[in-house]
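Next up: a single chain in structure tokens, the form predicted alone.
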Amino acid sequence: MKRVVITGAGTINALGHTVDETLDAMREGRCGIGALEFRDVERLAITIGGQVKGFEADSQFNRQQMALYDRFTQFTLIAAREAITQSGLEFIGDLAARAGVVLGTAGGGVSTWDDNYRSVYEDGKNRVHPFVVPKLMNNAAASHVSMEYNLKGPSFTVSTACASSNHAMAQAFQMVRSGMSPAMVTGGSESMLCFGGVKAWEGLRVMSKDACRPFSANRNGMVQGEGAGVFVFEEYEHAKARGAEILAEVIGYAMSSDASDIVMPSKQGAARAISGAMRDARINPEEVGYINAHGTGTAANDKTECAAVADAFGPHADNLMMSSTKSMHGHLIGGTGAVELLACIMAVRDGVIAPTIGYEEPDPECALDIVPNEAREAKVDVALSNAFAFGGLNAVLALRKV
């Protein structure tokens, strides 16, 4: 089995347009959630979100590209550019033939769906742009990244709701670990912050109107975000031979299915994924210092996740640090695990634990160290990233300091 390391990272999200901007915001406990700005927002009951502000797509892409790129694809390409540039890899020859891209998204081209439904149903038009289908399809971002960077190996999209990015990164990790590919581009993206996207989520009655407060007793729901996180996963010896900077090592993963309810999470399913990731990584629970929680800010999710962590770690649960960065950037649905992996890298590489901001009242059902409101300096050798999705689909990744 090959060792797998991360040699490139890129992002754009509500906290920043680059990795450095995002990590600075996490260190400062800065909130990227604010008033939404798009057409017909006044018709919504939910008017806040982790929206990417100050982003001008036409300054990044030409007219022909804009006709093909939904907002979620635009975010992916920007994050991929940063990650691949940092990695220093050039995909030519045998490397290009074997390297690929696996990305996660839950909604794909939601903005394209929304714009074109409006055009047909509200504006009464009888025609849509001929590129609507290739623009909205869930694999659009993965396909465009593969074309942009000459990635000719295994390339596809994973769609498992809120666990999409973690499932995608787990697949990429396995491909590099098995020797199938020397390097993979992986992560996820989402952009559901449009009228139709938010209106659909309103129907679930799980959204907060004012703030995301994970693990706080007065939490009242999740807040959506948007953006992308993209990484280069590379075989350790391959990276070492070319003198690449290594951000962290990916050491294990696990996936599980609750097989119980389409929306209510299961403590047992989440605990199996957490324990499975440690088993795959061949580590003891006591070696884990930090968990980036799924931590959505809903009553059901937060208490279930805390119970699952307590089950998986036993007495060591009291010694763990666990935080939810969704409190700062919102819930990016299928892209959320990719942005959250940055917090895990920061923990093991820099010894900085991103906080759970908005924490106001202790909840006895969430009685773990959730790093409230302020970042913390701490030595962390191993970090886990949790993702637990609607449909009961769970995926947990383990990272280690190199």
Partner chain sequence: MDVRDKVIKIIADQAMIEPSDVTDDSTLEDLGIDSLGLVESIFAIEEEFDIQIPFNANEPSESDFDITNVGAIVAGIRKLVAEQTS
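Positions refer to the first chain, counted from 1. The structure displayed is predicted, hence computed values, not measured ones.
Unshown form predicted in complex with the partner chain; subsequent notes refer to it.
Trainee: Taking any heavy atom pair closer than or equal to 4.5 Å as contact, tell me whether R282 reaches the partner chain in the model of the complex.
Mentor: Flag for R282 set to no.
Trainee: Does H129 reach the partner chain in the model of the complex, with heavy atoms at most 4.5 Å apart?
Mentor: Yes.
Trainee: Can you check whether R205 is within 4.5 Å of the partner chain in the model of the complex, heavy atom basis?
Mentor: Answer no; every heavy atom of R205 is more than 4.5 Å from the partner chain in the model of the complex.
Trainee: Would you classify V41 as touching the partner chain in the model of the complex, given a 4.5 Å non-hydrogen atom cut-off?
Mentor: Judged by the heavy-atom cut-off of 4.5 Å, V41 is well away from the partner chain in the model of the complex.
Trainee: Mind telling me which stretch in 120-128, 185-193, 255-263, 214-222 gets its heavy atoms within 4.5 Å of the partner chain in the model of the complex?
Mentor: Every other range fails; the passing one is 120-128.
Trainee: Heavy atom within 4.5 Å of the partner chain in the model of the complex: which residues of 188-220 meet that condition, in order?
Mentor: The stretch 188-220, when checked against the partner chain in the model of the complex, contributes no residue at the 4.5 Å heavy-atom cut-off.
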